[in-house]
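Listed next as structure tokens is one chain, alone, in the form predicted on its own.
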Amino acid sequence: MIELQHVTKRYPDGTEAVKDLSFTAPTGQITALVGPSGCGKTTTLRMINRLIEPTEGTILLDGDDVTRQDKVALRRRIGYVIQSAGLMPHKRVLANITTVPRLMGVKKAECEARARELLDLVGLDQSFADRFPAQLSGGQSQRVGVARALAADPPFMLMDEPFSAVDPIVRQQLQQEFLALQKRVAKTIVLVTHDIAEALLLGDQIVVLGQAAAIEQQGTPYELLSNPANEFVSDFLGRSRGYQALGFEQAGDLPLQPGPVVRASDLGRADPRRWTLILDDGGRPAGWQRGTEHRAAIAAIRFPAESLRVCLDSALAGPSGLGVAVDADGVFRGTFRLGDVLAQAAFDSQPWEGPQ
């Protein structure tokens, strides 16, 4: 685990970027630091690996005081991922990934074999090994940055806005891939982000920081959403916190209806007065039809659903107020009503008083 005990960073002019900060990042979990710009998030991250020296307080990695360790040895225990990936432009991808293991004296062949394994792990084809950073997209660069941080198999990782430099679609993909990766490697991670939605998605624990890194609230995503400690936290979470909280509510047993559906080969039987779900020959949802109107987009979700929020999204995305449920193979199982989702959200969940 990573422990910060009464940590302060004070500059010569008297400015306190971080003041008396204490929190613990549990082993094998992601702790997300969020807060407004200039609140000390990145300063805190850099003090953990001593890119910035703390003025007061203690920082422990599995009980070891970072200030009593050699800086180089300390940083080899910590993977570090930054916003722009920070790849060395004159070195190919494989050489970038193997940098730290090679500095640690690991044989070249062993380093390169490990690097190729990591390319697979972060979702990059082996053909990327010989490319230079300038030949990579933003998302590909970030994947290489994560691979490099994992190359020496460090127990700790620090991530400073790792996905903010890519477009929203790639960012969502990287976030999901990173969660899947973390399930496999179970590193102790401190993540800095300005995006509360990203913190809620990735963080096992969230620490909301105010001025000079004062902790406004610390807890699980559900604890913050269901019971914000003060107006600052509530404002930071935003007006959509009730909707976001549905992502942590179990969907339960929503009643499924058999239709209205029609096979694509039998569209003539569709009622022209109402929206009807079209199924392809394999029984998979293919679109909505009402008379001559057609909508191809289907927000189908796999049942049993992971949360009420995905059910709500599915029901709102369709033109008829019906969500679409499919099985693991994408085959239609039934529809469910928006009203049933809202009823379960209103009555199965307690008002915002925190977990019982």
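In case it trips you up, residue 1 is the first one in the sequence shown, and so on. Note that the coordinates shown come from a computational prediction; the quantities given were computed from them, not determined experimentally.
Separately, the form predicted together with a small molecule exists; it is not shown, and the next lines address it.
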Touches the small molecule in the predicted bound form: Gly38 (any heavy atom, 4.5 Å): yes
Touches the small molecule in the predicted bound form: Asp280 (any heavy atom, 4.5 Å): no
Ala17, heavy atom within 4.5 angstroms of the small molecule in the predicted bound form: yes
Distance check, Ser314 to the small molecule in the predicted bound form, heavy atom within 4.5 Å: no
Segment assignment from 288 to 296, 324 to 332, 56 to 64, 30 to 38: heavy atom within 4.5 Å of the small molecule in the predicted bound form: 30 to 38
The small molecule: the contacting residue among Glu161, Glu177, Glu223, Asp204 in the predicted bound form [heavy atom, 4.5 Å]: Glu161
Interface residue in the predicted bound form among Arg171, Lys91, His194, Arg76, criterion: non-hydrogen atom within 4.5 angstroms of the small molecule: His194
